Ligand code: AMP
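This document opens with one chain alone, in structure tokens, the form predicted alone.
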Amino acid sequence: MATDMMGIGGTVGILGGGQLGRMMSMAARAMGIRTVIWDPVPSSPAFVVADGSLALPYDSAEALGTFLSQVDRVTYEFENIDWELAQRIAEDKPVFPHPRILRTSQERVREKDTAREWGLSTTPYRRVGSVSEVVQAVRELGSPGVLKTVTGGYDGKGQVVIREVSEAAQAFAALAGAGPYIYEKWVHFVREVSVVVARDVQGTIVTYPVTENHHHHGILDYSIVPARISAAQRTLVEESARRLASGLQLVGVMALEFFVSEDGAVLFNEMAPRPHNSGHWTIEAAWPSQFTQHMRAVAGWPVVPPRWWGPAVMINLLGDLFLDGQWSRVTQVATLDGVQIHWYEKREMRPGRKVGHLTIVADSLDRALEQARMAKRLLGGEWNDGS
């Protein structure tokens, strides 16, 4: 593992050219660090802000050689990158977070096993590979529950709810061809929260304020900070994140998601070893942002305790709002106090596609939520108070 500090003018390679890679590059540029983005899609939004780009397939030997020749260290912006590619790169250049963490995050059973190994609580779960195993899991763990693909799946995809044993076969058939699976007992939760944790090569660990997340149709709709949970629950979330970051020897930023159940338990759900959608608010409402913190760690710089400036709300902007091509109306929200627009420059508007976000910072959480609701109305969307 590289422990030296990258100097001004060094280059970090980023696997993936979506909005996270874009914001990583913007943070790196402010630090005097160059970036090269490798993404097969020529229209990737990160390309326009990076110092270099490769629009070639990830299985291209030519692209791999070119990429390695241009970068000093490497990171990635999403966990669906082939971990074996990351491991191959790690043979030549330091990759942070380490590819074994990437591999753990890509497999739901391994992910939960690892969390339990380091003392985190989870909902009951079991790996299943046949209808009979699903039936047995439902009977023994209880229902309702969720049958999920062990790998893949994102924003609510690759999963089916099972309310009773009689639905097991139908659920299995609905996911056919994408096995193996994991059956998780349903969590009756009152809050879904996340926390961004960062660790550097020296082992220093810091966490950001715990964030409360609200989803709609399986996609993150908006995030609130601070999360409306008890001080004891907040401490448990932060301590759990520190424990897992230490156990995995994380270098970089990682987000952990938790359910807060009706009986007050805090249950680990999943992790993402990279900056996270629920941490976008840190650009305006904290210093350093999760992106700057991540690039600091990747570059071998020390991570620093974040300073939180105050209550904030982050709203995802989805393609659903702009299918008519009239995304210029986004600027209408610029008239609202405390609102910052982030537009990702994605050319195609699709339902469920994240094309931008808003951050609202205010003196109180009530005021931030008031402005957030107003912004949503100006854009023609509906405010969803439920999950």
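Model, not experiment: these values are computed from the prediction. Numbering starts at 1 and follows the sequence shown.
Missing here is the form predicted in complex with this ligand; even so, the following discussion is about that form.
Taking non-hydrogen atoms only, residue 212 never approaches this ligand to within 4.5 angstroms in the predicted bound form. In the predicted bound form, at least one heavy atom of residue 259 sits within 4.5 Å of this ligand. In the predicted bound form, residue 109 stays away from this ligand, with no heavy atom inside 4.5 Å. By the criterion of a heavy atom within 4.5 Å, residue 80 is excluded from the residues contacting this ligand in the predicted bound form. This chain appears without its partner; in the predicted bound form, the one residue of 284, 200, 192, 221 with a heavy atom within 4.5 Å of this ligand is 192.
Residue-level contacts in the predicted bound form: of 87, 246, 136, 123, one residue has a heavy atom within 4.5 Å of this ligand, and it is 123. Note that among 126-134, 269-277, 89-97, 295-303, the stretch whose heavy atoms approach this ligand to within 4.5 Å in the predicted bound form is 269-277. In sequence order, 123, 146, 148 are the residues of 123-150 having a heavy atom within 4.5 Å of this ligand in the predicted bound form; the partner itself is omitted from this view.
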